[in-house]
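Shown next as structure tokens: one chain only, the form predicted alone.
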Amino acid sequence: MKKQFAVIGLGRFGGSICKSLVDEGIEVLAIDQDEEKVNEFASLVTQAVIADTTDEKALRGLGIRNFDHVIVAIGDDIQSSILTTLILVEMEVKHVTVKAQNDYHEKVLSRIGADEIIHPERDIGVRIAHNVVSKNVLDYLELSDEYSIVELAAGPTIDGETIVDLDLRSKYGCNILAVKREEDINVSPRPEAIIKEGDILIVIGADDDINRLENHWIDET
């Protein structure tokens, strides 16, 4: 049986989630107070409804408790986001993911019991900041408060070197998870694997170690 998702808030972020879920063949209930936005998604999702999600009766009437995952993507109205989340948690919805506007909002959501809190503006800012540090930093993904994964493009100065030659583990405390070369991906590459210019190294490490790697080794490539 396919999982059922509900998305509350059909702004740019919530709308994007709806479209992505539908593309994956997932049933989606889209909810917003704005009739125009609901009409925009009516033909895309399984069901689109106009509702005030700070009204517990309205949510119960939608059978929201039966959904496997509810995503609260309400935009600038922090109060509505918090009240909606609180109601969903008290109704014991299986999994509640909420978009946070700022650190204070995130703290409140955490205290009232949201299962997962995402901070898209901050996360995108972090990724962009890392990407502009060097042309060799292709992408950056924060795994937790302490660990991240970064994609690094191999430059000409390390062309022909092996994983052992780079020695990222002892120099920077980072580990190479995989090496991408065009369409091929070498997961857990052997120490003697040779790096070529243009390869993409997928590296994991503590944030401080990742930063040292970016600031030193990347500049040399």
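Please read all numbers here as calculations on a predicted model, not as lab measurements. Counting begins at 1, following the sequence as shown.
One more form of this protein, predicted in complex with a small molecule, exists but is not displayed; see below.
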## Note on the structure
Answer key: of Ser148, Asn136, Thr97, Ser80, within 4.5 Å of the small molecule in the predicted complex (heavy atoms) is Ser80
### Task
Consider Leu10 of the chain shown here, and say whether it contacts the small molecule in the predicted complex, taking contact as heavy atoms within 4.5 Å.
yes
#### Entry: Contact test in the predicted complex: Asp52 vs the small molecule, heavy atoms, 4.5 Å
yes
### Message
Test of understanding: in the predicted complex, would Asp103 fall inside 4.5 Å of the small molecule by heavy atoms?
### Response
no
### Task
May I ask you to check whether Glu92 falls inside a 4.5 Å heavy atom distance of the small molecule in the predicted complex?
no
### Task
Could you tell me which of 148-156, 181-189, 29-37, 163-171 sits within 4.5 Å of the small molecule in the predicted complex, going by non-hydrogen atoms?
29-37
